[in-house]
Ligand code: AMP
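Below sits a lone chain in structure tokens, taken as the form predicted alone.
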């Protein structure tokens, strides 16, 4: 009996352990996931400062312009004012420098004229607060800045750096990958002998893992030999937080992967009600999560997106695990197996009315990598549909968008 895809996703997430918590430097934080919330320990900025190069003034002195003022100070960024601003005076000030006492506005340098030595003519009226960045205007002391579970991007890390807070995150996972099968040869092989194929699956999986910030332990191509596969498993278990294989999980008579794992670990070999990617192995080998993906490259991609990607993110403590889906229109229509959730590789575009339209990006057989290369979304045809007529409604899973949904939001809708 085939397992519903949503049920399989939930079972996998339930089985994933959380990785250890570590504190990292700012340069190493991008792509990691916060393990604890971050609260501001101080105001940001910490003092009122100038938003432009110009002159610090008292706004009531410049309500009627032009007006001339005495220049009494020159304040560079990183320096403190030497005197307060009093009526009839101004202080020259650089962007980022502290606003002197007494001043409540900054007049930009382009709105003034030099009227003589230590004298400035203000040409444009000013109002209280003009061009001043107030203390705490970005973040106030005690504010919740980021929640736990946030996957850090460069902009998040920049904020943390501005506050001097080295983040606590879940460490990056080490993921062992291998391709299995006597028919496989390295992708650098110039000329193929009959019956052999170049291994593209490890390149694909390695690239997807790199997007997640995982460290990859590449165990290469493992032949259809129980001893060789067992040795590769030993190395994976010793050094990795998760194991991914491709090939050897279907109903073939020479599937060494299944034969070996039946004697070791708690791996189940399942049929999931989806296409491509129906065969799936999942469980643990000596406590290390194991994903046995199919051998066809498109099946590998879809299975990775639906099962492995959210699982790795869950290990990292991420809140958002699944990519967004948007309603769209399938222009060319499709006939599918009504017993399965079917993923169609499509190229998308948005019309003037804001409606997403999609068309098949190429052949839909599970070995046609080119259609995947030209796709930016998967059109999702649910169980029971069987057919989408041209112009029919579909959900589009946007493959190049970041994760936007947590477990409840995604699986509750599936």
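Numbering follows the first chain given and starts at 1. Only a predicted model underlies this, so the values are computations on that prediction, with no experimental measurement involved.
Heads up, the form predicted together with ligand AMP isn't pictured, but that's what we're talking about next.
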*Quick one: which of 227 to 235, 315 to 323, 190 to 198, 155 to 163 gets within 4.5 Å of ligand AMP in the predicted bound form, going by heavy atoms?*
190 to 198
_Given that ligand AMP is not shown alongside this chain, does residue 104 nevertheless sit within 4.5 Å of it in the predicted bound form, heavy atom to heavy atom?_
no
*Taking heavy atoms and a 4.5 Å cut-off, does residue 336 contact ligand AMP in the predicted bound form?*
no
_With a cut-off of 4.5 Å between heavy atoms, is residue 297 one of the residues that contacts ligand AMP in the predicted bound form?_
yes
*Give a yes or no for residue 310: in the predicted bound form, does one of its heavy atoms lie within 4.5 Å of a heavy atom belonging to ligand AMP?*
no
*Of these, 97, 273, 184, 150, which has a heavy atom no more than 4.5 Å from ligand AMP in the predicted bound form?*
184
*Proximity to ligand AMP in the predicted bound form, single hit among 179, 89, 260, 131 (heavy atom within 4.5 Å)*: 179
